[in-house]
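Next up is one chain by itself, shown in structure tokens, the form predicted on its own.
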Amino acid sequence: MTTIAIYSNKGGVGKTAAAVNLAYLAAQSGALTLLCDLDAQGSSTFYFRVRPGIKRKARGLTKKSKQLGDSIKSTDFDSLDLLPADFSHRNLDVAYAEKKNPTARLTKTLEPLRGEYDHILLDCPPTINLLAENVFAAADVIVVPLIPTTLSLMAHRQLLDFLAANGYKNSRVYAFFSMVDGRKKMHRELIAQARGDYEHVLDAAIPYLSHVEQMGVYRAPVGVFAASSPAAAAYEQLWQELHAAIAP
């Protein structure tokens, strides 16, 4: 089983759209897939038409508990389940800080689920805090969406520096570009710069198209309502590249 974190320390970069589409494509390939919505805003939960909230008896994500599985919901798609967001997730870093081994809490909480799925994907909030460190510890692979701007590349450098300084392996980090307008010279130049400066920048680039924004209207992955669109093809390429990178 592989745990894949879709993470960015910068907001507004297409992180949740990537998490939803990658989870959908993983399930479409036949892999038993769980998407965990760790962001209290619950965008992934909204896209999959699932009611937010973790059952009280499951004790949320703060304790190791086999009953966490009671909160997992099926989606409209075969082989794809969702652990919905809960507003209490906004305080996960505070809850973890009060525990022993505070950076290992998420790993222990997810452990009972590992044998149930081929892939667990984590849709993460855009912060570097104790919850993020739990994500870094739990994830086998960290997938980082970048947008072709100077500030996005600067944030990525900050993330890589933080990981290296705190003993996390940068070799587990894969980046890709989203919100790309290939007509813009600046976009092309910044993408080329990033591919020269950083390892593991995937070839797939998600175009800046309305089909991605329409996920909120259709409440579904792009491949469901616009299967022949360039955006759907880009997410498919992203999944294929990522799957090849994590295959044993």
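Numbers follow the displayed sequence, beginning with 1. Owing to the predicted nature of the structure, the values given are computational and were not obtained by experimental measurement.
Separately, the form predicted in complex with a small molecule exists; it is not shown, and the next lines address it.
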Notebook entry, point to check: For the chain shown here without its partner, which stretch in 183 to 191, 218 to 226, 199 to 207, 25 to 33 has non-hydrogen atoms within 4.5 angstroms of the small molecule in the predicted complex?
Noted result: 199 to 207
Item checked: Contact label in the predicted complex: Leu238 to the small molecule, heavy atom within 4.5 Å -> no
Check: For Pro230, is any heavy atom within 4.5 Å of the small molecule in the predicted complex, or not?
Finding: no
Checklist line | Partner contact for Asp70 in the predicted complex: the small molecule, 4.5 angstroms, heavy atom | finding: no
Item checked: Residue contact check: Val50 to the small molecule in the predicted complex, 4.5 Å heavy atom -> no
Check: Thinking of Gly12, Ala17 and Met179 as one candidate spot, does the small molecule come within 4.5 Å of a heavy atom in every one of them in the predicted complex?
Finding: yes
